[in-house]
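Shown next as structure tokens: one chain only, the form predicted on its own.
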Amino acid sequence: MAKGVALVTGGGRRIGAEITTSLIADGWYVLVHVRSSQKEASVLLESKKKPSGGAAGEVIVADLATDEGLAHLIEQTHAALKGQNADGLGVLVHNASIYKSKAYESVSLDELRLNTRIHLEVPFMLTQALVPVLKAVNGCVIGMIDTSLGRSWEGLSHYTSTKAGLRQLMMNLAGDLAPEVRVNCIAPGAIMAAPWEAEHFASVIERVPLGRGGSPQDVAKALMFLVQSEYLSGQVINVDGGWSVAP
């Protein structure tokens, strides 16, 4: 174990899988949390085994929509740290997310609560539970937010408002957990279009100064920069091709 142990929620596919891959390449043993993408995560870790045959990480299956699932993730994280003889947790990435469009008038209280649960409550309680092991090795926490702050996105009020809550939580924790733990955010822009947003995605690309969409690798590179930058805390990196400053 060259670097230490990292935990990535929602780390089995899409951007999460690229984050997992980059952390492994940098020498981290990665705990890959998944809810339904266990197969994809297992295949990924199998492909990243060390030349000696040693594991590059392990998969933790947990439904974070339930208190039992969150408790299981916390328990399994501590068990993995013990199994790896690790002094603490070096990296915690809050990547698990829900992203579904729905007209504001039709969003139910249960749907709002689920978005709040995944985007705000889980990062709050998971970080809180892992503070001792993060502080033990001067670890870092990274919240995956988005570029919606200050914008009105049709059909996404339940998503954008709770992601804004995650941003503010990370900013607060940058102060609350200093100086032992660094806390930052990454805000991806037009990276991967959901199946239902092809038209909106194309319209965003037209306004991106760099004239193209990004890739999961672009997000992972920004994350690795934050992991490796020991004097950065309380920052937000917009991985959006300049869209955040476009007129």
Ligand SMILES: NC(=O)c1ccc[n+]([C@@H]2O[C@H](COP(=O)([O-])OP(=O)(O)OC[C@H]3O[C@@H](n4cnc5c(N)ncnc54)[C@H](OP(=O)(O)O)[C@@H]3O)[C@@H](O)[C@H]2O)c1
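A residue's number is simply how far along the shown sequence it sits, counting from 1. This structure is a prediction, so every number in the text was calculated from the model and none was measured.
This protein has a second form, the form predicted in complex with this ligand, left out of what is shown; the following refers to that one.
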{"item": "Candidate site A25, S47 and A56: all three near this ligand in the model of the complex by heavy atom within 4.5 Å", "value": "no"}
{"item": "Sole residue of M170, I118, C140, L177 within 4.5 Å of this ligand in the model of the complex, by heavy atom", "value": "I118"}
{"item": "Stretch from 75 to 83, 123 to 131, 102 to 110, 88 to 96 whose residues place a heavy atom within 4.5 Å of this ligand in the model of the complex", "value": "88 to 96"}
{"item": "is_contact(K163, this ligand) in the model of the complex, heavy atom dist at most 4.5 Å", "value": "yes"}
{"item": "is_contact(C185, this ligand) in the model of the complex, heavy atom dist at most 4.5 Å", "value": "no"}
{"item": "Proximity of H200 to this ligand in the model of the complex, heavy atoms at 4.5 Å", "value": "no"}
{"item": "4.5 Å heavy atom contact, I15 and this ligand in the model of the complex", "value": "yes"}
{"item": "Stretch 144 to 165 - residues with a heavy atom within 4.5 Å of this ligand in the model of the complex", "value": "M144, I145, D146, Y159, K163"}
